[in-house]
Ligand SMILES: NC(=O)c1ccc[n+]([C@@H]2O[C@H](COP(=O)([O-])OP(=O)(O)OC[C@H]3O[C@@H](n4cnc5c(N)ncnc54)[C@H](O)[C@@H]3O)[C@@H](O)[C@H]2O)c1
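The chain that follows stands alone, in the form predicted alone, written as structure tokens.
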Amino acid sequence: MKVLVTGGAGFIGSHTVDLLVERGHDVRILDNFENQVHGGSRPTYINGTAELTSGDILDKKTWVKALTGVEAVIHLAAMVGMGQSMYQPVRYMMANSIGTANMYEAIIENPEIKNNLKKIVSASSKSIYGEGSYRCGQHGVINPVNRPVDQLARGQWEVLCPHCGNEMAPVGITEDKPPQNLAAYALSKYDTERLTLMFGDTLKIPSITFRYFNVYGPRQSLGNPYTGVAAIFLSRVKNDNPPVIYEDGKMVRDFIFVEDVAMGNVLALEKGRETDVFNLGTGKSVTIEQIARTLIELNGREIEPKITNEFRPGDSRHDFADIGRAEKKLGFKPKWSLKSGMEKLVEWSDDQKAVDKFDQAEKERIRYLGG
């Protein structure tokens, strides 16, 4: 197929492009080479077999040019960053919400583009869920609201059952969990998701959107302090600074290697038969402290993580994916273990410049949002 990959010069996009080319697809990349991600230069890893188009998804003419002649779209172009989105909401909503809406206007206004499209795949985010899912021994599975600030101020980190007040155990999040959208970034990705599903049905173009969990791996920006925690921690460690961890460090997340995410994108393109939404994770949980200590060990550093026992309002306590739906409908099965994936990330980073901007990002967050 002739496939357009937006954000195809980025972290997830470039791995997706490589896999598409490997599997015989004809690929066109659309990317604006966002300075916050690429530092003002085009990355050298861009697949030379792919056609490269530079442009902004906020420009509808750029969309028309990029979409002309393609049979499928994998739409990954987006601004990424939970914290930053809370003091730059216009920037995030424009890029993620309006940028995606522009794609659909370009399709609607150009019948030749619409009639040629056979599949659209887009990137949503696990951030739309907010707090995770839990099981109470007395009341079963609960999807709670975010923890109250007064509870966090007492240093009581675990999520309590709203019915009996007992601590609950985290369970995998399924796709039917109601979204909470606790940050502007989350809301903008939910917009992307809903637009994909809505117009997939309306335009009769089979469309799949993925709720990515914590993606990590080579080509992740080591100078963007608003992106994934693995890259932020790695930049700290490589500069001999301790990873900073909030609360007690025992909160769990689901970390998925970028090549597994690329495979999910391609499976959706090749095997997805109907408009649907899927979690894309491993279905396994790991604590944030474990991630920090793994990266410290793999880099051969003698550093202790800084566990602050402080909190950030809006953070979830525990979240990890139930991936049963993607396994059943797409045949998705992650291949990379956390250990092998982290080893690959650290090996790649040996030749990369890591710029630790965590303190700068924290000062911005506190300036705009308070401590």
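Keep in mind the model is a prediction, meaning the values are calculated, not measured. Note that residue numbering follows the sequence shown and begins at 1.
In what follows, reference is made to the form predicted in complex with the ligand, a form of this protein that is not presented.
K.L.:
Within 4.5 Å, heavy atoms only, one stretch in 295 to 303, 196 to 204, 210 to 218, 149 to 157 touches the ligand in the predicted bound form. Which?
P.N.:
Going by heavy atoms within 4.5 Å, the stretch is 210 to 218.
K.L.:
With a 4.5 Å heavy atom cut-off, would you call L76 a contact of the ligand in the predicted bound form?
P.N.:
Result yes; L76 sits at the interface with the ligand in the predicted bound form.
K.L.:
Considering only heavy atoms, tell me if Y185 and the ligand come within 4.5 Å of each other in the predicted bound form.
P.N.:
Because a heavy atom of Y185 falls inside 4.5 Å of the ligand in the predicted bound form, the answer is yes.
K.L.:
Is V37 close to the ligand in the predicted bound form, meaning a heavy atom pair under 4.5 Å apart or at it?
P.N.:
Taking the distances in the predicted bound form, the answer for V37 is yes, it comes within 4.5 Å of the ligand.
K.L.:
Could you confirm whether S124 comes within 4.5 Å of the ligand in the predicted bound form, counting heavy atoms only?
P.N.:
So S124 counts as contacting the ligand.
K.L.:
Within 4.5 Å of the ligand in the predicted bound form, heavy atoms considered, which of E343, E310, D56, E51?
P.N.:
Filtering the options by heavy-atom distance leaves D56.
K.L.:
Though the ligand is not shown, can you say which of V80, M168, V237, I120 has a heavy atom within 4.5 Å of it in the predicted bound form?
P.N.:
Exactly one residue meets the criterion: V80.
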